[in-house]
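Just the one chain here, laid out as structure tokens, in the form predicted on its own.
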Amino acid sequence: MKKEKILVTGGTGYIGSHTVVELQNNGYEVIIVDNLSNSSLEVLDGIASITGKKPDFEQIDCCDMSAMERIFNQYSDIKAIIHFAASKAVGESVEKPLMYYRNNLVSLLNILELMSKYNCPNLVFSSSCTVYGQPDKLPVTEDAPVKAATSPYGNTKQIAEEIIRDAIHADKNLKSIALRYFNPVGAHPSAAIGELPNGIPNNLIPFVTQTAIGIRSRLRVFGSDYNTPDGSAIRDYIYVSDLAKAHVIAVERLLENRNRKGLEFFNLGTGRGLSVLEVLNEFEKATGVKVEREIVGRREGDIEKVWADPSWANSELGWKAETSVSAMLQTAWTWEKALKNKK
């Protein structure tokens, strides 16, 4: 029996592409909408090499309402939307806040309007642990207060969750699950898809792998005076394919009407915090490659430490992060070497 059609915005991006793989491997038909601002058409070939099928693709900016409406007209039987499309770098958001507010919020407003108009009630929203700011208690649970954001990026995620809540209040047919990610890392084990930042990476792991392979001369470690055991910031690093699988579970939960409220939140993390320096040491142990580093000042918008309490997602979704730190870092290194071999 053929499974439902799922619209994935930002589906050629890092997390989006891995989620498309999991959806197709579970029998769903996928339509990707992406403006390719931070991704490449080659990702579609990578997805096809893994799953045996190239998903439908439309090069569209989600902020373009008329173009998005054409998608809803063309694919009239979309049953759920996974909304990844967004600008996502904390540091860049501090430098370009208006771009972040326009891109991340207008795209969501367009999608919610079209969902109501075309009777497509199910939304999985790509949220973030940045909504918690610097939590008072760690590990952080879904009941933790949403504090003042430390970056425009984090604020767009907070505002987006509020917009979804208000939309659901006004339209009782709408349902949504917001997945609050911690720090996704790694690549598909096939090395056919992975994290592919344009220009200088904003995330830690691609900067690590690019330094290890010689693209960058050294890695900058932002901050040495945080209140952590080694002075560097602590995050919860989760394997991207583990994260992707949670989206399939969330879609199924919505389609089967098992979400208990109009809007549900789930933390997706491992429950373990690692400092930047610990990650570097783990990478060197896993790969045998030395990473040159330079300790610099703190980066504006960064918080000191955060890691998840994922027990609600574990019990309610039946989902768990299963991949070890060593294994996920090895996939990132394999992906970086595969990229070099393509050039």
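Please read these numbers as outputs of a predicted model, since none were measured by experiment. Counting begins at 1, following the sequence as shown.
In what follows, reference is made to the form predicted together with a small molecule, a form of this protein that is not presented.
Worksheet item: So which of Arg216, Arg165, Lys147, Arg220 reaches within 4.5 angstroms of the small molecule in the model of the complex, heavy atom to heavy atom?
Response: Result of the distance check: Arg220.
Practice prompt. Find the only residue in Val90, Leu114, Ala80, Val140 having a heavy atom within 4.5 Å of the small molecule in the model of the complex.
Written response: None of the other options qualify; the answer is Val90.
Item to complete: Name the stretch, out of 123 to 131, 252 to 260, 166 to 174, 71 to 79, where some heavy atom lies within 4.5 Å of the small molecule in the model of the complex.
Response: One stretch meets the cut-off, namely 123 to 131.
Discussion item. Each of Tyr239, Phe283 and Lys337 within 4.5 Å of the small molecule in the model of the complex, by any heavy atom, yes or no?
Written reply: Zero of three within 4.5 Å in the model of the complex.
Discussion item. In the model of the complex, does Val248 come within 4.5 Å of the small molecule, counting heavy atoms only?
Written reply: No, Val248 stays farther than 4.5 Å from the small molecule in the model of the complex.
Discussion item. Although the partner isn't part of this model, could you tell me whether Arg235 comes within 4.5 Å of the small molecule in the model of the complex, counting any heavy atom of the residue?
Written reply: Judged by the heavy-atom cut-off of 4.5 Å, Arg235 is in contact with the small molecule in the model of the complex.
Worksheet item: Though only this chain appears here, would Thr270 touch the small molecule in the model of the complex if you measure heavy atom gaps against 4.5 Å?
Response: Thr270: no, not in contact with the small molecule in the model of the complex.
Worksheet item: Would Arg293 show up as a contact with the small molecule in the model of the complex if we use heavy atoms at 4.5 Å?
Response: Contact check for Arg293: no, nothing within 4.5 Å of the small molecule in the model of the complex.
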